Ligand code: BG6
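The data below hold one chain only, encoded as structure tokens and taken in the form predicted alone.
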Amino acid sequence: MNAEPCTYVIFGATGNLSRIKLMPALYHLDVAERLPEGTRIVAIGRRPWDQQKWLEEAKDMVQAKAKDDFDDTVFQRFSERLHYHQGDISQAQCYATLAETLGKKEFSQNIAFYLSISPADFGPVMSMLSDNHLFTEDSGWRRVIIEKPFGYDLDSAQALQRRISHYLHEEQVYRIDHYLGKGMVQNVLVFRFANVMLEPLWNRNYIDHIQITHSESIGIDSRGDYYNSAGALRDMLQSHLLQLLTLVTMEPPVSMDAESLRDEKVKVLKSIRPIPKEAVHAQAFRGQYAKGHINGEKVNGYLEETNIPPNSTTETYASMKLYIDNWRWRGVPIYMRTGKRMAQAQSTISICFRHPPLQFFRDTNVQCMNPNWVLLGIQPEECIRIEMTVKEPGLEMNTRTSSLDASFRNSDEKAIDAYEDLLLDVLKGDRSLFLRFDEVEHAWRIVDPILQTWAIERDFIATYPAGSWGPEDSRLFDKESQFWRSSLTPECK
């Protein structure tokens, strides 16, 4: 797919996402000469800046991220693409003048609108863009990129979709999940479908269980208002981690085109066994971080953070157990967890294989008979690791765990930010790494019973010390031999 020249219109261009992700990503695409000639970037902001002030701000954004890789010559070329449009997105005048600007001949009529704004503003902004005929595809395509959250629950997601579909066709909507742009996440597909050796084993006959973990050592920073109304289940599990689950467990698509790929992901979500409300406590657990130590420093508990009510029962840790009721995965538990202020920051997928049918070494000195694991490190360590039991050198029959490592990136290869990939895909019209609405809808169906149960249980929430691996939730596990895998190095249990 070739990228076409485009006008990127960024709503919320002076905000945090633009500062730390969007502007640096667009700059790096220009460094790599992947932005087609004629591509322009229109920044919309309320601040009364002129063009010169915007260029200074954009340079600061890019320099802060690029650091030593910043190139003044490339930024000069990049700055010629930049245009600042001052306006209040709640006022009709902003859109009338925007339509006038975008109608000028120096702007490509292929236009992508990036809504880096509050979800509450999605509807009004789309309405005014539509009123000014900015979604009309008479002389070029129109695409709209929407950041999560896509609704607050199933009902609100469906209501948001009804409003979006009033103005746009599904093919014009790019629901972005930056997790899917991470190189290692895409490598999961390559690992599964380009290597035949594991495919015969990738099923209920050989796999004992699957774990997906996203842990963060940071707290909620200044996001108290948002986080207290969202919580860990909405913020991470419903979106990012369910997406990882679909990639690990989906059937091979008939091709790698966007619709075939997304069809298989939806089939997985549809196959997940619903959690009845009476089973919520057996299949989901929540917790909230209390005071503790991170890297030797004392940190506050969640209830002491800014803009958090003293009686809040919002979860900063959430875990759940799911089953996929299809031929391949029937009976295999899938455990997922996410948390703030945990022992370390990492995203991993850990696949535990069954023990051999006979323990041949039970009468020997063998102490540590771990099952085989396939470990997929998403971040910060990007790796694929297969753990096997081998004999130690020497006269005794002692064993140890050895691992086969496949590093994702060579030491001389630079990391690419997920947003670079995704912003380029919008130019190409490649929707394979963006979410279709039925994916979003079925993900909400999975977590809605948990959210509804937790919403009415406001008397108590378990706590865990900041800097730990979360609260004690071992009751989720189907067997005593199952445990949370918190390391990419061998663990003897």
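What you are looking at is a predicted structure, and each value in this text was computed from that prediction instead of being measured. Residue numbers here begin at 1 and follow the sequence given.
The next section is about a form of this same protein that is not shown, the form predicted together with 6-O-phosphono-beta-D-glucopyranose.
- Comment: 6-O-phosphono-beta-D-glucopyranose is not present in this chain, but in the predicted complex one of R286, R143, H214, H209 has a heavy atom within 4.5 Å of it, namely H214.
- M236 is the sole member of L423, M336, L247, M236 with a non-hydrogen atom within 4.5 Å of 6-O-phosphono-beta-D-glucopyranose in the predicted complex.
- The shortest heavy atom separation between K148 and 6-O-phosphono-beta-D-glucopyranose in the predicted complex is within 4.5 Å.
- Taking non-hydrogen atoms only, W373 never approaches 6-O-phosphono-beta-D-glucopyranose to within 4.5 angstroms in the predicted complex.
- Though the partner is left out of this view, H178 does reach within 4.5 Å of 6-O-phosphono-beta-D-glucopyranose in the predicted complex, counting heavy atoms only.
- In the predicted complex, Y226 approaches 6-O-phosphono-beta-D-glucopyranose with a heavy atom inside 4.5 Å.
- Note on the interface: of 125 to 133, 391 to 399, 80 to 88, 216 to 224, the segment with non-hydrogen atoms within 4.5 angstroms of 6-O-phosphono-beta-D-glucopyranose in the predicted complex is 216 to 224.
- Residues from 375 to 398 that approach 6-O-phosphono-beta-D-glucopyranose in the predicted complex with a non-hydrogen atom within 4.5 Å are limited to Q379.
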